[in-house]
Each structure stands twice: as C-alpha cells, then as structure tokens.
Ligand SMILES: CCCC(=O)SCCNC(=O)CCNC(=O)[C@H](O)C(C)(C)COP(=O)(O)OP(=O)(O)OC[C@H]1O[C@@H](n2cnc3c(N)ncnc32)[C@H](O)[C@@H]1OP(=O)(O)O
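Consider the single chain below, provided in structure tokens and representing the form predicted on its own.
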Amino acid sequence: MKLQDILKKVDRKSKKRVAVAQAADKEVLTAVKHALEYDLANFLLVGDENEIQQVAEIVGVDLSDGRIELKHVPEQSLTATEAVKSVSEGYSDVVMKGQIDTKIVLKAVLNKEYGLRDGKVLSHVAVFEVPNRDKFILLTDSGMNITPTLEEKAQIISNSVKVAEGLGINMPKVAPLAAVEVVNPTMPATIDAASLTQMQKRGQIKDCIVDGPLAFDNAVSFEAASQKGIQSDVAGQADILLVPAIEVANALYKSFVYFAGAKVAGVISGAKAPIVLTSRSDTAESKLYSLALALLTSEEK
C-alpha cells in the first residue's frame, strides 16, 4: 500500500475544511495546491493576508478558488488561536500548522476555553511507506509524550488504532517495543508491554491485538521471530509499533526516512479533531499525505 493511495480514500462528498495557522509558507501552500488539485478539502488560510498572497503567487495557488477562504490575522500567535477556534466552533474540521512554532499551536490546542483537548492523551502517530514492504507501519509516539505511563500508553494505542482504522486497517496488530521478549523486572518497558497485552485481552484496550514485549526485529520480521521461536499473533506482522520513550521513536522515525528511504505522513490524535503538525523541514509531499491522513482520521470520528 502506498501513501499516494490514501488520497483516493478521502471522502469528497462531505468535504471537510482545514484551518491553516500562519499559512504563508511555500511548502504548506504547495501542499494546499496539490490538495485542491485532488479536491480533498476546503481551506481557511489564517495569517497576514499580504504575506499569504505573496507566497501563493510564488507557488501558484489561486486564492480566488471558491474552496479557499482567507482570514487576515497579522499577529503570528493569534493565527493558531483563530485556527483552533475555527475547529472548536465547528466551522473547520482539521487544524494544520503553517510557518509557526509547534509550541504555539499546541498552546492554542490545549487552551481550556476554546481548545480541542477533551481529557484524553494527545499523541503523534506516524505512518510510513517503507520500500519493499507491502503494508504501512505506524509508529507512536514520536512527537508528544516523552516517557508515557502505562495508562498513557494504553491511550496512545487507542489513538493509533483510530488512525489505523482511517487507513482501512481493521484490528491492527500492536507491538509494544522493548529490548527483549521476556518480562525483566529491571526493564520497565517489558513490564508495561506485558501489562498492555493483558489489558487488551481483558477488553481494557479495544479494536486491536496487542502482544509484547517484542524487540523491533521480532515485531517486523517473521524470520527473526521464527529464529527465536516466538509464537505470537503480532510478531513479524506488526501494524503499530508502540515505543517506551520518545528517543526510541525519534531514532526509528529518522532511520526509516534517512536509511530506509521511507515516505511518511503524521497526525496528532486524541484531540477533538485531528491536528497536522508537520516539521518545517518536511516536504510538500509529506505535508499533503499528512493532510489526507488527518482528513481520514476526521471521518472516523
């Protein structure tokens, strides 16, 4: 399966609106241009109107397109406020970060008065298209939670399951990662992994299959799992990799991209609406895929 394929899965009949905070960014507006070419969504572009017009002219975005609306907000920090309010008030369906610091967007998302948090843990879910692999691999959490607790890991799994369902992956297989495949009291990650496995079996984590602890090789390789004699419904065929700490996810994320040549889309899940928080260094293609992923996730609400 290719990330290009998810563009076809977005519902064009009940078209969603994406609110872009600080939209005057070449890569973001290029992604918007491509999204309009695929007729994926309508857009509310928030920011300094003159700056947006200048960048739009450079990348070839027609701001007279009826699917685009401009909202003039010259102060950068307020662009995030207006984008988030647009979603919380029901006018838009997805928040997308433009040329603005992530922390400013998250501050608006977490605002108690108009924000999008509803008591759940927010977590980042990355979806990778890895060359020579016939299905997506999801990785969480590489962008929000540093050292999540057991309870937070359970919610992070639920957030990633929702994203998987948006991609058409039913009952995804979840591998809580650790360095070994047995419970070791000196390795807290193994204890959490075993607990999460039991929680899923007892119905505390739903709509997926969880089995761990599993080391990375045994989670993604049948051959590695077979050599170690691991019998599991998840080993060798994991759809979702749950990491014990953000450093692990950060290393895997960048290894997939820079060593394996993977393409990636990412979304923040767990809020009242999906949030696209791509890096400024991400390509327009990656931003487009992330946008499509957010739209699919929004449809799963």
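Model, not experiment: these values are computed from the prediction. Note that residue numbering begins at 1 and tracks the sequence as displayed.
One more form of this protein, predicted in complex with this ligand, exists but is not displayed; see below.
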query: 4.5 Å heavy atom contact, R133 and this ligand in the predicted complex; finding: no
query: Contact test in the predicted complex: I246 vs this ligand, heavy atoms, 4.5 Å; finding: yes
query: Heavy atom of K103 within 4.5 Å of this ligand in the predicted complex; finding: yes
query: In the predicted complex, L277 touching this ligand (heavy atom, 4.5 Å); finding: yes
query: Stretch from 164 to 172, 193 to 201, 121 to 129, 87 to 95 whose residues place a heavy atom within 4.5 Å of this ligand in the predicted complex; finding: 121 to 129
query: L138, V73, A154, M144 - the one with a heavy atom within 4.5 Å of this ligand in the predicted complex; finding: M144
query: Sequence-ordered list of residues in 223 to 259 near this ligand in the predicted complex, where near means a heavy atom within 4.5 Å; finding: I246, N250, Y253, K254
